[in-house]
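Listed next as structure tokens is one chain, alone, in the form predicted on its own.
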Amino acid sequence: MPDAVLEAIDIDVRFGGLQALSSAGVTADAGTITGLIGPNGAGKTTLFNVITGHQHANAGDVRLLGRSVAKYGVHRRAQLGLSRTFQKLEAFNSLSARDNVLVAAEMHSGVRAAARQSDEILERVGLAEVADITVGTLPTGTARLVELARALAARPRALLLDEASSGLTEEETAAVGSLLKQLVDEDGLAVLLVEHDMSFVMNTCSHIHVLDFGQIIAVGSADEIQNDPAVRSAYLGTGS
């Protein structure tokens, strides 16, 4: 059985009188790509923010490699192996693609090793040809790949991707899917993916959690999720 790298357990989040998450939870195992899907406003990014320490939870726990990190800040969780990308692109637009990746690599390695690792990651993600180009001048899809490369440079054990295919062409999306499968197969990475492209999710994720109105309403394989009446009614729009 796969080992749980990341667990969010019974997470509650309230914004004033709004219950954004209610006993929500998700698990990402080593060597697997796990999807987190749901309608807009379901609470997906809020759950991501709780996991990474950007949002305080009113209740619940977050565990990384079996260790509770709920009381740790963003930087400590990153040091322990948690890395993410954002729904709204977060890149250093005035820096080159290489320097964006180098910023993360240098946090975990010496200068020479970080430079070598940055070039290896850029090659792996397919960005070697734009390594010296300023990110602010790159197309959105390419800039998202830079953000992914930077997240990988932090040497994560668990990688959280928020709308990874947003702004990407079909060819780029397929390439990202192939890369993620390679990362989990070869590196044993645990990937948790929030995504609205259902074709991408169903073709990439081996396990899927469905969030609706702040609660997990279904967990299963791609086939099980597609055939779940509650999911079809709440999200896939086909009704039962």
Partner chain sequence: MTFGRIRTSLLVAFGAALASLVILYWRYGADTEVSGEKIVIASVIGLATGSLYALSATGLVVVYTTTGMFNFAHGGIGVFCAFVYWEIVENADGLGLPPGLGLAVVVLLVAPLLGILIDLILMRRLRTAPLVVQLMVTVGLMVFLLTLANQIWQADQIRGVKPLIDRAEGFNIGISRVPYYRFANLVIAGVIAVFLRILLFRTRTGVAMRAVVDNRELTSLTGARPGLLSGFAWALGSSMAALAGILVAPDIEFNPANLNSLMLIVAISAAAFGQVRSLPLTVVGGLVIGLLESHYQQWISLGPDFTFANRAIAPIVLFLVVLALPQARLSVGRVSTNLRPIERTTRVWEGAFGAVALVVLAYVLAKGWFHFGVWDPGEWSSTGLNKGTSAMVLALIGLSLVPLTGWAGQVNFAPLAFAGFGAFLWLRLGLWFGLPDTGGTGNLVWLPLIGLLCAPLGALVAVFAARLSGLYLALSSLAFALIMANVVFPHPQVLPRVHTFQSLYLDVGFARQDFDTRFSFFMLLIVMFALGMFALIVLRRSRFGRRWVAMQDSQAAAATVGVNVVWTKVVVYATSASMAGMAGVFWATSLSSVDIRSFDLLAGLTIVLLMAAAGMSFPVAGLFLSFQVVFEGLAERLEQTENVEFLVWLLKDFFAKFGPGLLAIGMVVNQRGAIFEMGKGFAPILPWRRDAREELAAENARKRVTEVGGLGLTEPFTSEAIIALDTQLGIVDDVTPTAGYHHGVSRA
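Residue numbers count along the first chain shown, from 1. Just so it is clear, the model here is predicted, and its values are computed rather than measured.
Although not depicted, the form predicted together with the partner chain is the subject of the following passage.
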(message) Suppose contact means a heavy atom within 4.5 Å; in the predicted bound form, does that hold for all of Glu90, Asn93 and Thr137 with the partner chain?
(response) yes
(request) Counting only non-hydrogen atoms, choose the one of 27-35, 62-70, 184-192, 167-175 that falls within 4.5 Å of the partner chain in the predicted bound form. (result) 167-175
(request) State yes or no: in the predicted bound form, is some non-hydrogen atom of Ser109 no more than 4.5 angstroms from a non-hydrogen atom of the partner chain? (result) yes
(request) Answer with yes or no whether Gln117 is in contact with the partner chain in the predicted bound form, where contact means some heavy atom within 4.5 Å. (result) no
(message) Does any part of Asp99 reach within 4.5 Å of the partner chain in the predicted bound form? Heavy atoms only, please.
(response) yes
(message) Test of understanding: in the predicted bound form, would Ala154 fall inside 4.5 Å of the partner chain by heavy atoms?
(response) yes
(request) Would you mind checking 67-95 for residues with a heavy atom within 4.5 Å of the partner chain in the predicted bound form? (result) Val74, His75, Ala78, Gln79, Leu82, Ser83, Arg84, Phe86, Glu90, Ala91, Phe92, Asn93, Ser94, Leu95
